[in-house]
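Taking the form predicted alone, here's one chain by itself in structure tokens.
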């Protein structure tokens, strides 16, 4: 192995396919999007170079509520970090303690992850339906008829109504990542903690969580990036409505490019989404590096 690692030609040979794949599939589209974002272009013919005017248009004199969509994506982010990840961690810790039916619950929680987003969207549209939806039927059955309404059609509830299915879909995914990390810890460490008199809560906070910080970091980064670029469920459930109450940058970008034929301006939105994903990933990594040093 040392001989292979010392051979620079062999390293270049084996790394070349991955580097080419990265350049062509990931870096090249990003660079092309950045180039398009500097153009006033409707997608036909050649565009006109306008520098950073499209980026200025995102926040200065904006008329399409892009700042509102960014705010909504940040609310998704906060809800994912402070609701989705804690629930996933709690479920992972409970299941890893060897509860009865551990394998069953592990598979059940993961089922929403493998379902099509369109199917999940249709399922929750039925749940939220103002006439025969399960949610309104339940509220009426317990005497809360005044609370029953069209959840996806109300500007006050549309955003949270789109977040709940997202939380439901991906909680099992993060739970499985964290569950696998907990299971990889040497059981003798837990036994030693129990002998020292630590209860389950202390073991969770003093042993389990510190030892799975690397996986917790990965899970958090996935959750943050997923929140900032959320699209599919919002598109299926509300398409950003009503009156852009549940609009997120991705749905606005698609509408701007493919319906408004503003390819340059839409590309600026795409670059903004990429930039904020990179920025927040960097911040999360810095925070976890500091935690792991402590």
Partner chain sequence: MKKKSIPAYFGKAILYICLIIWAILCLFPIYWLFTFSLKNNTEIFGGNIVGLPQVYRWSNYSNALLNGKVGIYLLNSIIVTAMTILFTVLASTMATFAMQRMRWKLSKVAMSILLVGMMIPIHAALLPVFVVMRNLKLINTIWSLIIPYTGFAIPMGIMIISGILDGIPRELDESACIDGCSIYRLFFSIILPLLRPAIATCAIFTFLQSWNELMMAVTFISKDEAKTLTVGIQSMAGQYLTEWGPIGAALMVATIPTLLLYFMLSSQVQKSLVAGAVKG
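No experiment lies behind these values; they were computed from the predicted model shown. Positions refer to the first chain, counted from 1. Each form is matched to the other, and the largest set of C-alpha atoms that superpose within 1.5 Å is called the rigid core.
Omitted here: the form predicted together with the partner chain. The next part is about that form.
> Hey, in the predicted bound form, is residue 57 touching the partner chain, heavy atoms inside 4.5 Å?
Residue-level check for residue 57: no, no contact with the partner chain.
> Residue 126: heavy atom within 4.5 Å of the partner chain in the predicted bound form?
Yes, residue 126 is a contact residue.
> Are any of the heavy atoms in residue 38 no more than 4.5 Å from a heavy atom of the partner chain in the predicted bound form?
Judged by the heavy-atom cut-off of 4.5 Å, residue 38 is well away from the partner chain in the predicted bound form.
> Decide whether residue 85 counts as a contact residue for the partner chain in the predicted bound form under a heavy atom distance cut-off of 4.5 Å.
Looking in the predicted bound form, residue contacts with the partner chain do not include residue 85, since no heavy atom lies within 4.5 Å.
> Would you mind picking out the stretch of 71 to 79, 115 to 123, 203 to 211, 152 to 160 that comes within 4.5 angstroms of the partner chain in the predicted bound form, counting non-hydrogen atoms?
Comparing against the partner chain in the predicted bound form, the contact stretch is 115 to 123.
> Hey, which residues along 231 to 249 are within 4.5 angstroms of the partner chain in the predicted bound form, non-hydrogen atoms only?
Going through 231 to 249 in order - heavy atoms within 4.5 Å of the partner chain in the predicted bound form - the hits are 231, 232, 235, 236.
> Please say whether, between the shown form and the other one, the C-alpha of residue 14 moves by 2 Å or more once the core is aligned.
Result for residue 14: yes, a 2 Å-plus shift.
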